[in-house]
Every structure is written in structure tokens, then in C-alpha cells.
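In the form predicted alone, a lone chain appears below as C-alpha cells.
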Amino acid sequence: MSAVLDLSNVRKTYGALNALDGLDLTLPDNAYVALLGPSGSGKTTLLRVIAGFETPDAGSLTFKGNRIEGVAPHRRDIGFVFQNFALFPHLSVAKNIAFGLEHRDIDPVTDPKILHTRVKDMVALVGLDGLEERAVTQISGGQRQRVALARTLITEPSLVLLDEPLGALDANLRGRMRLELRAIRERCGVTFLHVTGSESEALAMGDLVLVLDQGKIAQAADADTVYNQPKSPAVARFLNCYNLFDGTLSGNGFVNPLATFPLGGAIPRQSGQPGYAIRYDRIAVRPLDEAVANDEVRLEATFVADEYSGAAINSFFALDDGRVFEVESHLSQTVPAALQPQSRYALVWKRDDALVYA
């Protein structure tokens, strides 16, 4: 797959803060790319550097084969959809969508017939038929999101940047808009770079998922690889579905203050940061006196509380060092036994299900 954008050793600092710290990145053409990272990881700074709203202190940006560091934002052929949509409240849906075409610096569209046709086609593409003359203050949040997207897409950019575009929507609408955004991107055939702080959103939407950590790309892979094989403890932590332990490798075990976990056949992953991770849904809760198989790891903890989420129950335990340990039980597989608060249980998992980092 060809690349639409390449960033090499890009740096951006604000005083003592390295917002982008020698970042390398390649975006494939005609793909939905999700960029995941916690607050402060550099996500918005990266978007603003790509769009041209910020100038990098070092490094290169190559877009469709051409360097663009000194190119003005409106001449980059890159669209930007803001988190708050940034619509014009005094204009109708149709006039908001037409704005970019009418007022762009290069080859503005002034013929009313051509403009009407282009707007009509874009309205149909994003599913806003019948709302053309409505004020944007009179439509729903999801419809405003589509207006903002249509206003960007009508100028036919080769890359669209979306800065947490679903963050202002309620949970049900976010789920529907995930599907709509992917469908719209496929019909347009351009690359979307979708920035989010939600691991579920990134994994659900991205053909390619990028994980940003401290101004660098910590992992770039498909959603299945990122979820099942996070490259480092930091990536596993961002996914919010792994229990993590600090410690050291010693012989055929991982030593931490609570216990020594036998490794079995697990091959430590070289990440530059030692750690041990076990996913929430890989753990069984058993009575203390129940036997443990040779291929299993056991840890005692005190049950605190359950949280019901519909499809699963998440159980929270207090470890002997005071940290919280989480277990996820999918109700489609089995209904977990009722647990007694402040009682002790054995938390058990297969050795080979753990991820070990060296």
C-alpha cells in the first residue's frame, strides 16, 4: 500500500515540554487510521503540525511525495474536522457545506449551478437530505458532525484529520457515527486520521491503529495485534484491559513485590521497559483451597466490588500492596459465582496468556 504522508524525526517543543520527540510516522493511502493516546501524549500537537497550524522545530513532512513544512495550511490539500465542529451558526446546513468551495484560495467555485450540484452530492453522501435549509443550531449533534465533515470533504482533500470528532456526542450516537464515518471514508477513497483518547473507539475504527506515547509512536499495527500483542507495558496500559506488574526477570520467573510469576513458555518481549501483563478476561476467580494446574499462575486478593456493564461483569480486587486488580467475566460464556465483599479469593490464569516484557 502506498503512503500518503511520511513524517521523519519530527520534533515540537513548548519550553521544557517535548510534545513531539523525534516522531516517525507513515500514513497509508486510502485507509482509516486511528491515533490513540492519553491526554498530554501529543495527539493534538501532531494534528496541528500535519495541518500546518504549528511549525515543527525539526524533522520533515512529506505529503504525496512533496515536502510541506513551509506550505500554508490552506494550500496543503489536507482537511481538518475540529472537535467542536466550528460551524457558522448564522449559516444554513447547505451554506456551511458550500463555504469551503466558495472561499478557498485556489480555484474557488462561484457558479451557482455547479455549487448547488456539489453541495447536493455531498449532502447525499453524508446523509443530510432534507436538512439543507435548516440552521445548524436546529439540528442534532450527530447531524452537525456530518455537516462539519461534509464541509471538509467537499473540497476533495487527499487527507482528512479528525480531532476527537465523536467526543461531543452521547454514547449511543458515538456508536452509530463510528459506522457512518467508516462508510463515508470508504466512499470517498481518502485517508482519515482519527484522533481519540478512547481505546474502544480506536480499535473499532482503525484499519491501522497508532499508539502515541510521550511524543513518539509506541506501536503501529492493526487493531487485533495492538489489542492482543501490545508492544510495551505503556501500550498495554493505554488499552485499559490489562493488569500490569512492575518487576524484573530472574531465571524462568518474573519477580515483583507480591510474588514470582513462573513464565512457562512465554518469551519475553523486548520493550526497553520490564513488565508483566495479564488481560482482564483471561483470569478465573476461584476459592482459596482449589488446586492450581502446573500451567497456571495463582495470586491471592480481597474482593471489593462488581460492576455490571450488560455484556460483562467486571470484578475488582485489592492486592496485598493496595493496588486494584480487575477481572472481566463475559456473560455470554458463563455467569460468575457471587463473590463476598472483603473475602479472599485466588486469581488464576494460564502462564502462556501473560505478556512478559524485558
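Since the structure is predicted, the reported quantities are computational estimates derived from the model, not experimental observations. Residue indices: 1-based, along the sequence shown.
Not on display, but discussed next: the form predicted together with a small molecule.
Peer 1: Is there a heavy atom of L25 no more than 4.5 Å from a heavy atom of the small molecule in the predicted complex?
Peer 2: Taking the distances in the predicted complex, the answer for L25 is no, it never comes within 4.5 Å of the small molecule.
Peer 1: Given that the partner is absent here, does S315 sit within 4.5 Å of the small molecule in the predicted complex, heavy atoms only?
Peer 2: S315 lies outside the contact set for the small molecule.
Peer 1: Does any part of A337 reach within 4.5 Å of the small molecule in the predicted complex? Heavy atoms only, please.
Peer 2: Looking in the predicted complex, residue contacts with the small molecule do not include A337, since no heavy atom lies within 4.5 Å.
Peer 1: Though only this chain appears here, would A19 touch the small molecule in the predicted complex if you measure heavy atom gaps against 4.5 Å?
Peer 2: Yes, A19 is a contact residue.
Peer 1: Choose from 61-69, 43-51, 285-293, 25-33 the stretch whose residues reach within 4.5 Å of the small molecule in the predicted complex, heavy atoms counted.
Peer 2: Result of the contact check: 43-51.
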